[in-house]
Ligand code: MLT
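Take a look at this one chain, the form predicted alone, written out in structure tokens.
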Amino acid sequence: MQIINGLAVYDEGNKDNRPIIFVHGFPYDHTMWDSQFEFFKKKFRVISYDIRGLGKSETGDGQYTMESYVDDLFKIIEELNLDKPILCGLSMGGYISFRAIERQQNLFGGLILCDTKPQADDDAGKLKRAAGIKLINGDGVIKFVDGFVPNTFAEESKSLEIYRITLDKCRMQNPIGVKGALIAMLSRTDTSEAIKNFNLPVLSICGEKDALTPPDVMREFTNKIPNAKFAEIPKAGHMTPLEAPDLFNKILGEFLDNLN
């Protein structure tokens, strides 16, 4: 681990290999990509980090925006001197990825969007985020996590050990960081139009039983991205890299093998 601009950054694999940056979802940390790190570090340089306020990254005042999250990502790319990294983001990590590509598409060599969407929160979504902040303020982060995380896994996946491990990790997150992420997400811009101008290789991956970003939602926006590919993972929910790591890695690996 190294610290870049207050962020805990993890960098493995041969530095001469093509870099992939994995950006985790909410309210998780970089360890949700452990299976991908182990699988892809043999052929690629793999990088992940704890988004500000989560995991081992600095919390600060908790006043985050989606723009500051993207600034953090760009700082990591700059400090590590990465050449055309492939960006892979899940859920909130996908929101960061959409905006990063919109801002500086030429910086990247490919994009993988996992269980995410380009649309900004509508009013109902914003109110739900606000209610989450209120819940954390009143009852604590564990109460919030116990209500939120189960919805990100398919019912079949809740018998897996990784589900229990992930839930326990999320319960330990800093409430200031979790609330800051909720603020950043509810205030993010809409990138639905910007995706029509994406001209880099794109893969969308979605769990068949994703209750937060269902396959039909992901398939619809993927069809608007020029030459993008879509893959659905059977029986998985919102957390496809954790629920079906072998199939996820296979799908991702095939996409990466076909990049120039």
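These numbers were taken from a predicted model, which means no experiment stands behind them. In case it trips you up, residue 1 is the first one in the sequence shown, and so on.
If you look for the form predicted in complex with the named molecule, you will not find it shown, but the lines that follow are about it.
Would residue 90 sit within 4.5 Å of the named molecule in the model of the complex, counting heavy atoms only?
Yes.
Evaluate residue 95 for contact with the named molecule in the model of the complex, applying a 4.5 angstroms cut-off between non-hydrogen atoms, and reply yes or no.
Yes, contact at 4.5 Å.
In the model of the complex, is there a heavy atom of the named molecule that lies within 4.5 Å of any heavy atom of residue 212, even though the partner is absent here?
Residue 212: yes, in contact with the named molecule in the model of the complex.
May I ask you to state whether residue 25 is within 4.5 Å of the named molecule in the model of the complex, using heavy atom distances?
Yes.
Check all three, 129, 148 and 238, heavy atom within 4.5 Å of the named molecule in the model of the complex
Affirmative, all three are within 4.5 Å.
With the named molecule left out of view, which of 76, 154, 170, 185 would have a heavy atom within 4.5 Å of it in the model of the complex?
It is 185 that has a heavy atom within 4.5 Å of the partner.
If we take heavy atoms and a 4.5 Å cut-off, which stretch out of 55 to 63, 216 to 224, 26 to 34, 189 to 197 is in contact with the named molecule in the model of the complex?
Contact criterion met by 26 to 34 only.
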